[in-house]
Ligand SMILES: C[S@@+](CC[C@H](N)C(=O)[O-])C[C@H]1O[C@@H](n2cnc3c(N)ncnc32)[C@H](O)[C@@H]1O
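Just the one chain here, laid out as structure tokens, in the form predicted on its own.
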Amino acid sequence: MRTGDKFAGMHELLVIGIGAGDPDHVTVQAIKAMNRADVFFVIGKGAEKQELVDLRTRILAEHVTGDHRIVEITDPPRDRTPSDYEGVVDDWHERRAAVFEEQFAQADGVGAILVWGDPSLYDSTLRIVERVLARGVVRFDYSVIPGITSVQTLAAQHRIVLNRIGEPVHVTTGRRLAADPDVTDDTVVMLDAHTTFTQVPGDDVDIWWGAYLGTADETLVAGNLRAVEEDIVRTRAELRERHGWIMDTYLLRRTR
């Protein structure tokens, strides 16, 4: 969509990390950025995850003082149990980019996307933005404002340090953990839909687990993995049944 030699749509996009769910996690930098925006693009994920949209709306109500619009974008569906994971995700990203492009072209001024946690950690927003720009239909500058991640929130709520002195921390996904469950380094696991921690061998592993971190529904469990894993599995299932969705993160540490 172009007019003569000019590109249509907004001229600037702000990709803003808003923390794990608590409005108090929003940084001063993020608040300043939000108050520059004319329109906020919110990705809707269906009725079962309406709470996520409501949390964003609450954050805007608490921190934004000027006039603004909210545009809810329906997230294209994708196969959650694909045989070709990378291919399915690539196709999903391309369809997402097309939807964003359409909305960006209809907007004016400064746009903003509120990203859970931080845009740099297991989030696709920046990849989608780059895809939109590569398509060449709309043109804009964009900035990234960092946010507090669920990993940081997990450590803070459990009052732990993620790494042992002078040692690394491995951050991975449930899918990757399932491929190699014999953890050696301290390992933070995100995006685990299948309680993969139950596959980790040995009686010498501790776990610090948290769900809905930073929200009123936050739930924490910690202890020896073999001693608490059934409690976590049961609690997780109950919470998912109650809310229709769940987000959880955990740290695994082999004792010495």
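Just count from 1 along the sequence shown to find any residue number. Note that the structure is predicted; figures quoted are calculated from it, not measured.
Quick note: we don't show the form predicted together with this ligand, though the next part is all about it.
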| query | finding |
| --- | --- |
| Among the candidates I31, L191, I70, L220, the residue which, in the model of the complex, approaches this ligand to within 4.5 Å (heavy atoms) | L191 |
| Candidate from I160, V144, L133, L121 lying within 4.5 Å of this ligand in the model of the complex - any heavy atom | L121 |
| Touches this ligand in the model of the complex: I16 (any heavy atom, 4.5 Å) | no |
| Distance check, F100 to this ligand in the model of the complex, heavy atom within 4.5 Å | no |
| 4.5 Å heavy atom contact, Y212 to this ligand in the model of the complex | yes |
| Proximity of A20 to this ligand in the model of the complex, heavy atoms at 4.5 Å | yes |
| Heavy atom contact within 4.5 Å of this ligand in the model of the complex, the stretch among 86-94, 147-155, 101-109, 133-141 | 147-155 |
